[in-house]
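This document starts with one chain, in the form predicted on its own, laid out as structure tokens.
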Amino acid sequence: MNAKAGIDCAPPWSDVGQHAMSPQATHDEIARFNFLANFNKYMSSRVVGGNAVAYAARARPAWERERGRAPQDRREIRAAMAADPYYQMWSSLRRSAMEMRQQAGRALVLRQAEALRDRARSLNAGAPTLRLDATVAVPRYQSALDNHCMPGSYFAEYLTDDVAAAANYDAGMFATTTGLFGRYLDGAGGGVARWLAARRPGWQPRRILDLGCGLGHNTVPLARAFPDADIVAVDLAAPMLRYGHARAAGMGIRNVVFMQGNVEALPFEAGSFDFIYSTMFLHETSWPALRRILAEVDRLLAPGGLHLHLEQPPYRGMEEFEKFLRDWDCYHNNEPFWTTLHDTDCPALLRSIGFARDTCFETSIHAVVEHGMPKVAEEVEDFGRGGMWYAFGSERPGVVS
């Protein structure tokens, strides 16, 4: 039974789009993912609301009795809520859901790690569009973290030419996002392609750069939207690139170079790219790295070019209690740079780096998902896991190519 039958539940994991690198799952493994998807949906739609009740009924009055005033900001709200049993329950369940999601994905892919590795080797053999570089150093702000509670993060390798970290990420994301990113988890890339078509009708960028591409979920829709463009997708993690290149090759994508590199400094000439974008990447970088990355975007963007970055909504103008709930990922999901980025006025940051004031913009991007997948509306966005994004960027003056 599912939403098509009138039941408000997540789409089944068996609806995940299959591709050449898809891990093969058993009945029980599928059942675990289905449980996690519906657990996440229930947590985000029903359980989270009890935090506001607990705050109003217990945490805020207790704070006021002790200090003679209400909590003034999200940090004081977090301190007030820290000992509340409902918040502790919600927080513990949310953390457990992420850990169980990692356990489910790793159990699935590690038992077939050699088969996945061999499949990727076959699809990648001799391809000039996969460019790995063992000399690329992973910055400490990445290497010291298990992002999203993922053991070894994006970089873990247990075999030569390993792809298990990427396969785990690919397999479990559908459950984490309850299907709101689409069958192939490419809703953000589809949304970017649609937004570009509306903003610049008929535009055909010659060169496109995808920053922090991961395994290329959101690279593929751009490759399809602009089949004549040369696309470079850059990431630090070799397992993600091996898997992503093989996945794209199996989908018939031939115009993307998957390249290992640090996007703080890339080996391209100034003005090399007409369109530069990132999807849910910048919140995983440190504050100094963020400035260096955007300065590199400034260097690489061609005259008449455009850059766009999808992230979570900024905190400015948001209620303090809402900020407190969104801060959860920073403190409990191994996302230490989350809060800083959300506090940042990104257009102002662009202007401080050198982008012209009248070219900077903010917008929103909604996921474009295939028929049969749930459409997302603002009221169901799960504190950063729904199929909608805040976006910012700028356009460079000059002749549009």
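Here the structure is a predicted model, which is why all the values come from computation and not from measurement. In this text, residue numbers run from 1 along the sequence as written.
There is another form of this protein, the form predicted in complex with a small molecule, and it is not shown here; the text below is about that form.
Taking non-hydrogen atoms only, Y158 never approaches the small molecule to within 4.5 angstroms in the predicted complex.
Taking non-hydrogen atoms only, L294 never approaches the small molecule to within 4.5 angstroms in the predicted complex.
In the predicted complex, D298 stays away from the small molecule, with no heavy atom inside 4.5 Å. Remark: D235 counts among the residues lining the small molecule in the predicted complex, judged by a heavy atom distance of 4.5 Å or less. Just one listed stretch, out of 248 to 256, 206 to 214, 119 to 127, 314 to 322, contacts the small molecule in the predicted complex at the 4.5 Å heavy atom level, and that stretch is 206 to 214. None of M81, M240, A223, A175 but one reaches within 4.5 angstroms of the small molecule in the predicted complex through a heavy atom, and that residue is M240.
Put simply, of L180, I276, V263, V109 only one has a heavy atom within 4.5 Å of the small molecule in the predicted complex, and it is V263.
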